[in-house]
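What follows is one chain in structure tokens, specifically the form predicted alone.
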């Protein structure tokens, strides 16, 4: 295996995955001399009683819950962040635990920043110090940047190694259930993040190990979990894939499919996972046509295994990756539209997004090329873009 001359990789989070993972929280906080966390979660998590599962799991411990806030909005809001900073101080908390959605984690990270920087979130420009202990508990609603080094509040985004959670908990009690649509959406969003992290930039053996494992977990378990959302092994595997995809995403340039999906989500409210999945094959087809880069053929091995990989001629492996992803996406017709047009999106919005993407990602792409990818995803045409 060829090793690039230079690469870098960082992941601050310790992961605890498996049966009774929640029960490890008191010990983990004790390592940071903390015992009184502020719990931050969202309305959906409360409706699904994840807060009660959390409390019950720790009922026999000496952990003191400083406060539990269960009303985080669908998107992190600065007003809520400021309110929670005051709550943290008033209750004498010493750590933070985020449960559930991306908005819960974004809110938790922003609270942490304001407490440590002693500034309003909107005034913080750089993060250059260790923050207070932060634990993230994945649930069926955790996705996108939950396990990354990114925080977004009111459309303002910061990125820093210090923004990774210190500990990530994956407990079967929190990751089973939900709908088929939810399973497909979050799994394919994680697949988009991991595939694109392995497509752009230099070789990085550390990041590749996360990428290939995430791909394999998703490919082997998404269909099982979509049919039976109570299947423990598959649920834990997908949650681990979400975690690993987030880490890989943090250590690689932002991909084209993800960047387009993120902007479409911002402007339309459409599910970022659905949009990313629809765009991904078309973005990969474009990148595979570039002479200076392409899809690493080892990605195929993570999707179909060593035997299928070995039987595929080397010159066909990149194309096979795209075909496999398209076939996977097409296997969920009830949960995922075949193209962007079926999402009832306004065409002019997509044209405007194509114009801003080149300035938002590191990879060299023109607005015209972005629009060509969107056009292909709009009608699901398979021509080379």
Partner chain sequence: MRIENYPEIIPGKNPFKKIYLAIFLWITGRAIQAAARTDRVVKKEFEMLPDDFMLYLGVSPNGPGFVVGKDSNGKAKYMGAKLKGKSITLKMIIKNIEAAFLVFTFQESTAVGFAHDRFMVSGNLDEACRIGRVLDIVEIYLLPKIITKLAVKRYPNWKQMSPIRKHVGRVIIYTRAILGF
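The model shown is predicted, which means the values in this text are computed figures rather than measured ones. Positions refer to the first chain, counted from 1.
Although not depicted, the form predicted together with the partner chain is the subject of the following passage.
- Of the candidate stretches 82-90, 280-288, 140-148, 190-198, only 82-90 has residues whose heavy atoms lie within 4.5 Å of the partner chain in the predicted complex.
- For the candidate spot formed by 55, 59 and 64, every residue has a non-hydrogen atom within 4.5 angstroms of the partner chain in the predicted complex.
- Comment: the partner chain is not present in this chain, but in the predicted complex one of 36, 360, 43, 330 has a heavy atom within 4.5 Å of it, namely 36.
- Between the partner chain and the residues 356, 345, 319, 68, the one pair within 4.5 Å by heavy atoms in the predicted complex involves 68.
- In the predicted complex, the partner chain lies farther than 4.5 Å from every heavy atom of residue 366.
- Contacts to the partner chain in the predicted complex (heavy atom within 4.5 Å) from stretch 355-371: none.
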